[in-house]
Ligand SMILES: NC(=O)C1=CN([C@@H]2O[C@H](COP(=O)(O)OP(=O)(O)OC[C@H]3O[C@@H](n4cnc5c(N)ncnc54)[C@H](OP(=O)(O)O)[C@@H]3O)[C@@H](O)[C@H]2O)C=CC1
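Just one chain follows, in the form predicted on its own, and it is written as structure tokens.
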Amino acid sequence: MDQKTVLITGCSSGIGMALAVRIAKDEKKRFKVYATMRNPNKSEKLAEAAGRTLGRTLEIKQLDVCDEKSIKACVDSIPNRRIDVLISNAGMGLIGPIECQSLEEMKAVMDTNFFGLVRLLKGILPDMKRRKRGHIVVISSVMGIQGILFNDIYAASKFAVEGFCESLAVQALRFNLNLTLIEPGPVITEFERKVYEEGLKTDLSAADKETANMFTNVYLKNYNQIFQSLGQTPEDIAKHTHKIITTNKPPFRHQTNNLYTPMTTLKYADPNGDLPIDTFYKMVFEHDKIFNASLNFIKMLRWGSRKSFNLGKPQQ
């Protein structure tokens, strides 16, 4: 069997790096991985993690999902422009009250998370259609199906991705193509740490006192606790994704975190949409002690199987 060509975006750290390394180290050597990143100067950690696969089943290339010329140059450099599996992973986050965020920041999130995927597919999808062969894998998020407090813009970008892919999936079937949305919950990465650190620096002067207090003393306070209790590792996501791309009939959606799935199920349990919003509100504002006790219990159960995780202290 010929090796499948896999192109992955956002591989300088976190989920992208874990994906590239795991797939390149596939025991059956079924894949040739092109691990891409916006800035190749940040490839040192990936090269180290790749080990002996570097130059064999893994190559590092430059690709910026916000630059069509960059995408074209990368795809053109791949033999016959043949990409069997595209894993769209590059992204950026943003947390905080919307009155404290600029439209430029919001546009940057949408440009990377949504239009970055669109640009990739404009450059790669026509070849897949012509060959009638290919698998498009998008690293989405549970926030693509359920909004979370103070993640308004990030959730919007992932909702856009999910709607786009639902529409595209119908067309893809006509060309014998597979499309899969991978939907992690909290994942312990430098990406999340940076988002949190930027959140700590948020200028809250434009927000009213109650909103500012809610962000600092409710959201940021619980952020660390949620990751300690429910967070997965990048390797967990890579393991799930590796299994997805090696199955004969990959699903359209795949949630990676069984601990978080009951939360997203709430959305489908009530056609009116009130149940998840009401449940989250009561958890955060009316039953916060029970919520925190539950997180502590889950954390205790998982303590022996994972390292502790600390993002730092919320601002006062």
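For clarity, every value in this text was computed on a predicted model and none was experimentally measured. Just count from 1 along the sequence shown to find any residue number.
What comes next is about the form predicted in complex with the ligand, which does not appear here.
K.L.:
If we define contact as a non-hydrogen atom of the residue within 4.5 angstroms of the partner, is Val187 a contact of the ligand in the predicted complex?
P.N.:
Yes.
K.L.:
Should Ile139 be classed as touching the ligand in the predicted complex when contacts are defined as heavy atoms within 4.5 Å?
P.N.:
Residue-level check for Ile139: yes, a contact with the ligand.
K.L.:
With the partner left out of view, is Leu120 within 4.5 angstroms of the ligand in the predicted complex by any non-hydrogen atom?
P.N.:
Close contact is absent here: in the predicted complex, Leu120 is far from the ligand, nothing within 4.5 Å, heavy atoms only.
K.L.:
Hey, in the predicted complex, is Lys61 touching the ligand, heavy atoms inside 4.5 Å?
P.N.:
Although the ligand is absent here, Lys61 would stay clear of it in the predicted complex, with no heavy atoms inside 4.5 Å.
K.L.:
Using heavy atoms only and a 4.5 Å cut-off, determine which of Lys107, His242, Lys194, Lys72 is in contact with the ligand in the predicted complex.
P.N.:
For this set of options, the contacting one is Lys194.
K.L.:
Counting only non-hydrogen atoms, choose the one of 242-250, 151-159, 129-137, 200-208 that falls within 4.5 Å of the ligand in the predicted complex.
P.N.:
Heavy atoms within 4.5 Å of the ligand in the predicted complex occur in 151-159.
K.L.:
Considering only 222-253, what residues come within 4.5 Å of the ligand in the predicted complex, judged by heavy atoms?
P.N.:
If the 4.5 Å heavy-atom criterion is applied to the ligand in the predicted complex, 222-253 yields only Phe227.
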